[in-house]
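Below sits a lone chain in structure tokens, taken as the form predicted on its own.
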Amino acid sequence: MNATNALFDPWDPEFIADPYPAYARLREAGRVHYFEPTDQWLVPHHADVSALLRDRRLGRTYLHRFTHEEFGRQAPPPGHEPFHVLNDNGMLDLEAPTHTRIRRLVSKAFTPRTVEQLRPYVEGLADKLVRDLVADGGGDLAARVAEPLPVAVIAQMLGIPESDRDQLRPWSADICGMYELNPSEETAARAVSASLEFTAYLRELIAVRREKPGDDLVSGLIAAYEDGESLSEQEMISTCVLLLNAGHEATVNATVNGWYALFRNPAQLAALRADPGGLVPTAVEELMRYDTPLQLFERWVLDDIEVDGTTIPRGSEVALLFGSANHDPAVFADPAALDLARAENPHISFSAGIHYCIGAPLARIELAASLGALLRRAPGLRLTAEPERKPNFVIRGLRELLVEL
């Protein structure tokens, strides 16, 4: 086993339970490390992660410049094609000029005004979910509050009928399984099946909205038009799935990771309960930093780069360690401490550069709404059982979070 393998084992349950001590050792060992099991270069420092997210010599795809063969990579198995068609047409996995065009058109239907108009709906729904939890004396905070809130909000934005929304979370979870390191063939099969079903559902919804437009994001995407350009049907489908997946996975896991962190830091939770109005905005940012829902983000090296004297050649893949960057003592004072009043907090949980999360403003509204509702209606909320982590590394979350009043 080489030195990096000894420091970084993303399949080890102990590492998954708490990767942050291993990140500290990785940062101390250097700025870049080759990790043979995934054939990736690990980048653990905040300054490097932040810089590489903005470096156009790296990309989320390479197919705008190279074939698989030219880039020294194998094409995905033909059986995985439905997943890749869906995934590869979303703006998160595209580069300029296609990314630029899609993001500009999506932004027309995803304006700050549109997001702000959702605030009363988000806050009202968060309050109702928490009231129901309180009425039952507690339960699973993940299933009762963290999951239904962002699912309902994105579905509301897209105009998906309430009767269809139960399908969204399983589809999203199965697709997102492909973002883990070295996913199994079983994971790929579930992702392909979900991709086919999700695509068919959205194709039908788009057809309905073409005939009868509404005041929703799907109708807005159909209408989005600039300089003679519009979104193809596949780009619309991939955009909707991206928004749903990001909303489900990131916001759900930020909520449960955040509350678990609060329960493990009772003094900070007491301070938050004493001054929710003053602390909730900074608490949302600190909870996103402290236990990041997306731990790793990958980039392809399109042209040779150098990090700390190490040349990383074209055709390589870098793994930008968001969780490590957000605990870098060069940027965050006492990074292992949860500090809900932390004023300077340049975390990169929403990424940076051209792929900065388009849904970040909505995620902040959702996180603040659920946090505020729980502080207000369940001031004595407490953990009843130590939660079990999901066996994933890249997308970090809990299976459940059992609470009582």
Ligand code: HEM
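In this text, residue numbers run from 1 along the sequence as written. Note that this is a predicted model, so its numbers are computed, not measured.
This next part talks about the form predicted together with this ligand, which is not shown.
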- Message: When the contact criterion is heavy atoms within 4.5 Å, does Arg103 count as touching this ligand in the model of the complex?
- Response: yes
message: Residue-level contact is defined here as any heavy atom of the residue lying within 4.5 Å of this ligand in the model of the complex; does Thr251 satisfy this criterion?
response: yes
* Asked: If you check in the model of the complex, is Ser50 within 4.5 Å of this ligand, heavy atoms only?
  -> no
Quick one: does Trp300 come within 4.5 Å of this ligand in the model of the complex, counting heavy atoms only?
no
Among Leu205, Leu269, Leu294, Ile305, just one has a heavy atom within 4.5 Å of this ligand in the model of the complex, namely Leu294
This ligand in the model of the complex has a heavy atom of only one listed residue within 4.5 Å, and of Ala224, Leu243, Ala319, Ala142 that residue is Leu243
Within 4.5 Å of this ligand in the model of the complex, do we find a heavy atom from each of Trp41, Leu58 and Ala325?
-> no
Per contact check vs this ligand in the model of the complex (non-hydrogen atom within 4.5 angstroms), the hit among 65 to 73, 28 to 36, 335 to 343, 365 to 373 is 365 to 373
Taking this ligand in the model of the complex and a 4.5 Å non-hydrogen atom cutoff, the residues of 88 to 106 making contact are Met91, Leu92, His99, Arg103
